[in-house]
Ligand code: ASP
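The form predicted alone is given below as one chain in structure tokens.
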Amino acid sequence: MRRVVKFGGSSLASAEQFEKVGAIIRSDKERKFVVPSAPGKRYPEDTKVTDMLYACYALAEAGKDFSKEMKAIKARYQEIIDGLKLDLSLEDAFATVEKNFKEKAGKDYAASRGEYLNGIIMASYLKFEFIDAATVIFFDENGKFDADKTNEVLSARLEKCEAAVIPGFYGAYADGTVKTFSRGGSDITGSIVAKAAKADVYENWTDVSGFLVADPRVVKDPVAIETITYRELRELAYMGATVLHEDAIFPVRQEGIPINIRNTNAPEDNGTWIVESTCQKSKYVITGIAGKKGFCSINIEKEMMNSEIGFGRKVLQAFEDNGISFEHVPSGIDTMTVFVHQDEFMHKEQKVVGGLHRLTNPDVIDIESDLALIAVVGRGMKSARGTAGRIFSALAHANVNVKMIDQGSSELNIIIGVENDDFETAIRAIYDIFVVTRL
């Protein structure tokens, strides 16, 4: 079973963590292709190397001396090299980095060096071939990931090597200029490599044993999710679950490659399996709960709006004209409500209100702020009766007022709107009724 393995920053923050990673890779000869992140925090007050690079480059870009900051970055890597007792020098690599910083090579170049340098160390430690991601992962002139070219070039390259380390997070334009994915993009690189390698499994190693049903900062010791589908993951990731970068799903989904989220510090745990589809029933009716604060609702009332053709389009046009995306649009016979991110909306609210009046001539417009949206997700909800009723019951017992409820036609998720102040209480109440008491 050919495995592509990606390790997050916390898994590679120190020589001790590197040794754990090395033991994991060497324990299975099918772990042939490794995607490392930049070193993360060694302890809570520590700084991630990527953030150190951003700060260092900001000084270089401003024409200021950055030697002290660069020295600190060198020390982080030298500490790992010394701890692993490697016969390796990064002096030449750092000389190139300093030169390119002075020549203002760009923030993407600066940020990518964390993974690049860590990849060199990892390849030396494992005695694997090092493949610079800038030579095998491509972006077009508009900065969009070029999946076809990347897969063609990367597949051909991987066929020629027995085992390799490919740094995460970045690639390059056709002219070689470095371009990064969004923050956390090493997950995406791992998925791209898994597709190109025609892997049987993409293992994503981090500091937790897979996905949890709810955020442990809200619910104490939530249970783990054993199996989750791509669609369920997409819903949870969109609503705030952050174990895996949501865009990492697409390359492997196209090939039907499952993702296994594992814990570097507890490699004996099975973690969470992310799959296209499964006949395995979820242990609970729900698979997971996730949510976000900071929304507001704009409620538009107009008598007989349901008989006015194009009314919904006109409402959304008022938001589009002001560059505001919407989250949910529940509606009734004479009412339509639009949920948007409050920080996007608040500075443009009167422009939107004016646009709504011009376009729709409403009877009343009412705005409510400081709302939260919670997604209850699960493939088991389709075959379970009374799921919405149980949610309402749980929230009522917890004295939480429901501002909105919206269920998609797929019956995969139910979205609940509550006040920001009720956010944590609502999640705990929903978790309790579906997982703890299982009423």
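Computed from a predicted model, the values in this text were never measured in an experiment. The first residue of the shown sequence is 1; numbering continues from there.
This protein has a second form, the form predicted together with aspartic acid (ASP), left out of what is shown; the following refers to that one.
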Answer key: of K48, K403, R390, K32, within 4.5 Å of aspartic acid (ASP) in the model of the complex (heavy atoms) is K48
Assert contact residue (aspartic acid (ASP), in the model of the complex, non-hydrogen atom within 4.5 Å, options R183, R313, K71, K99) equals R183
Is there a heavy atom of A38 no more than 4.5 Å from a heavy atom of aspartic acid (ASP) in the model of the complex? yes
- Message: Even though the partner isn't displayed, in the model of the complex is F211 close enough to aspartic acid (ASP), meaning a heavy atom within 4.5 Å?
- Response: no
Residue-level question: is F295 within 4.5 Å of aspartic acid (ASP) in the model of the complex, judged on heavy atoms? no
Original post:
At the 4.5 Å heavy atom threshold, is Y202 in contact with aspartic acid (ASP) in the model of the complex?
Top reply: no
Per contact check vs aspartic acid (ASP) in the model of the complex (non-hydrogen atom within 4.5 angstroms), the hit among 369-377, 48-56, 62-70, 390-398 is 48-56
